[in-house]
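Consider the single chain below, provided in structure tokens and representing the form predicted on its own.
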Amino acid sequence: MTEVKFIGRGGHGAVVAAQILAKAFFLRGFYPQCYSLFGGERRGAPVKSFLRVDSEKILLKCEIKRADHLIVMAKDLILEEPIMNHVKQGGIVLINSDEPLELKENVNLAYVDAQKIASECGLGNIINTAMLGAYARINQDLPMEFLEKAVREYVPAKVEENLAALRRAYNETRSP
């Protein structure tokens, strides 16, 4: 089983990103389980979204404390507490950042400027599809074709803009 944790702020699309990723894994033939935690529904408030994926039905029903993969949609959130509170040692960490961060933890780090990509693709502050494109780049278990199909099925507006952000982020993702 692979556990993925999204941390971000309201308005970035963390909840929808987890749902799109769940749909993409489902289309590939996996069993996904997706849920979110957040306080007051307002833009800028911290948001956590979770996804479990397995080749068998998932019976576990609890919050993911330390995930295999961590997707950080607002880098200031990981500066507030140690990253190892969110991800397993040796896990994958993808950060929305315009520059590489130096982390002392033992993780596989990648970054993408999802904010710039989303803005230039006409999506404003909604960075979820850009982050998912970057995630596909670092997690070879999910080919882009499944994410593209999930975006087409799940996203109600600006489909082509979201697909452009997905593809561009896939190509612009970096590892220090």
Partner chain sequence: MVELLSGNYAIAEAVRLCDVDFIAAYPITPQTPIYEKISEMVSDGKIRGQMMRAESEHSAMAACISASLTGVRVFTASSSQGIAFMHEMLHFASGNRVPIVMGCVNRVVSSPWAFGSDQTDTLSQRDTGWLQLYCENGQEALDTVIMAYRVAETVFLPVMVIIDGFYTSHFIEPVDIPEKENVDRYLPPKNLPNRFDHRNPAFLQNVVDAFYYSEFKKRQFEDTLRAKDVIVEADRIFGDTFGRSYGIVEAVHLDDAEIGIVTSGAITSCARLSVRNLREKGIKAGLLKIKLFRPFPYEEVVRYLSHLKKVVVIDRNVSVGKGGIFCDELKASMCNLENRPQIYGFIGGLCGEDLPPELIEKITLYVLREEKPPEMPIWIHGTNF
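As the structure is a computational prediction, the values presented were derived from the model and not from experiment. Residue numbers count along the first chain shown, from 1.
Beyond what is shown, the protein has a form predicted in complex with the partner chain; the following relates to that form.
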Partner proximity in the predicted complex: residue 139 to the partner chain, non-hydrogen atom cutoff 4.5 Å = no
Counting only non-hydrogen atoms and a 4.5 angstroms cut-off, does residue 108 reach the partner chain in the predicted complex?
-> no
Mark residue 149 yes when one of its heavy atoms lies within 4.5 Å of a heavy atom of the partner chain in the predicted complex, and no otherwise.
-> no
Heavy atom of residue 43 within 4.5 Å of the partner chain in the predicted complex = no
Would you point out which of 27 to 35, 141 to 149, 120 to 128, 66 to 74 contains residues with a non-hydrogen atom within 4.5 Å of the partner chain in the predicted complex?
-> 27 to 35
In the predicted complex, do 79, 114 and 170 all put a heavy atom within 4.5 Å of the partner chain?
-> no
Heavy atoms within 4.5 Å of the partner chain in the predicted complex is the criterion; list the residues of 13 to 31 that meet it.
-> 19, 22, 23, 26, 31
